[in-house]
Structure formats: structure tokens, C-alpha cells
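Given next, in C-alpha cells, is a single chain: the form predicted alone.
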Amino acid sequence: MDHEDEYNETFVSYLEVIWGEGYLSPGGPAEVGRILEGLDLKGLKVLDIGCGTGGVAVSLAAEYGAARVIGVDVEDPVLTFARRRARERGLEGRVEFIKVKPGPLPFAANEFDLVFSKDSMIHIPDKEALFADVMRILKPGGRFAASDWLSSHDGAPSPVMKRYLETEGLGFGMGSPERYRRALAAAGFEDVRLVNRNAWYATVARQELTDMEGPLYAKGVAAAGQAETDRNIGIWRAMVPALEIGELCPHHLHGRKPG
């Protein structure tokens, strides 16, 4: 079955008002820096899973010195933004964006020094297959560094969490920290480390909602229209309580391929 695009131009335009140009998830360049803390990307070949509009992939080359960055996504609208961004930065020779189908990644074994992802693996339900595939394409000694949206448990969502998921309306396949940890270990990763970012984003999201309802409202309407602006305010009003009870818990994820 063909994938139906969820991140259309209007939705993307609004998210970039909140999270910054080229970013479709929280924290912008600073949060990317926290995920990559202690890693030297100079001269490396990097894969960005769920690259969105390309802000991170371009930064990995331009700011972090990666020699080659390939960004993959399943949706055409975001890839159009991403390719334009690489052209505008003069990075077409070092940054490439590829449309892929859900399922195994179309790359050879031992191809990448680093596999990165920023809050997009939530759209991939089979975490076990995903991390086995990431292990396959990493070179021996290669690193996995990512962030993602997690649920605190693998049971049925609470009413608060259920309301958020229904309001968000995206194709989410959430997993718990324990499931991610098991899946990474089962794939063969060493030095597995998870960092809970719930407390950070609960605070940030409350401020985002205040800004969306106040000083950013007119900017959001100008960028994406009143209907999209009001729809996203409704999402944040449902999301903040899910963060406050700790059930929605973004995490950083790290692992190393033996070698």
C-alpha cells in the first residue's frame, strides 16, 4: 500500500514557525548538538533517517563537517524542501536526499559511519527490525545517535495520552524505553544509552503553547492559515498534559556497533 503524505506544505510551514526553519521537531540546532555531544563527524559518511525538510542533514555537513550525508524520507513534500535547502547552501555534492519506501533501508552492509535520526522513528512501528537494519548498514565501530518520541510503557494509553494521540492524528508507532533498549541490545549494539528528555520538553512545550496562543499566533496564521494554526494549538493543548504526567517521554538514544 502506498504511503499517504502526512507532512504537507501547510503543516510543515507551521511547524517551522514553532521549531525553526528546517526543523520539524523540538529543540532546533541546540538539541541536535546535545544528541551528538562527544561525537566527531569530520570526514564521516552519515545517514539521516526521516530527514524531513533537511535542516539537520544540511547542518551535519555544514556545521559538523560530515563528508557525505544521505537523508531519507518517505514523503515527497518534505524532500522537495530538503533538496532546495541543500542547493541554497551549495551542498548538493555532499548532501543527498532520497525517497524510500517503508521497510528495509536500500543501502549496503557496512556503509555508514554514523546513523542519525531526529524524532522520526516514531513512524516506524517495528523497532526490532529497524535497529537490526541500522546495525547492518553501520560500519564496524560505527555509531547510532538519535532522538525519538517514546511512551513510558507499552500498555494501552491512558485517557490523557489517548486524547493526545487522537488529536495529533499522525501514524505513530510508539514504544517504551525498555522496548527500545531491548531492541537495540537484540540487534547487537554495545554501549546502549537512553536519556529521558521529558522534563526538558514538558517545560519547553508549555512555553511553546503560550507563544502559539500569543505572540506567534499572527505569524502562524500568515505562514499556514488560521485553520492550521488553531489545529496545532489544539494538538499542543492535548500534548502538554501527556508530557506533564510523564507518559509522553522524548528520549535520546545511543549505541555502537562492535568492531
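Small disclaimer: the values here were computed from a predicted structure and weren't measured. So that there is no doubt, residue numbering starts at 1 and follows the sequence shown.
The following text describes the form predicted in complex with a small molecule, which does not appear among the structures shown.
*Asks:* Which of 86 to 94, 122 to 130, 156 to 164, 179 to 187 has heavy atoms within 4.5 Å of the small molecule in the predicted complex?
*Replies:* Looking at the other structure, the answer is 122 to 130.
*Asks:* How about P102 - does it come within 4.5 Å of the small molecule in the predicted complex, if we only consider non-hydrogen atoms?
*Replies:* So P102 counts as contacting the small molecule.
*Asks:* Even though the partner isn't displayed, in the predicted complex is P250 close enough to the small molecule, meaning a heavy atom within 4.5 Å?
*Replies:* Answer no; every heavy atom of P250 is more than 4.5 Å from the small molecule in the predicted complex.
*Asks:* Is C51 a contact residue for the small molecule in the predicted complex, using a 4.5 Å heavy atom cut-off?
*Replies:* Contact with the small molecule, yes.
*Asks:* Is M239 close to the small molecule in the predicted complex, meaning a heavy atom pair under 4.5 Å apart or at it?
*Replies:* So M239 does not count as contacting the small molecule.
*Asks:* L150, A82, A146, V74: which sits within 4.5 Å of the small molecule in the predicted complex by any heavy atom?
*Replies:* Spelling it out, the residue with a heavy atom inside the cut-off is V74.
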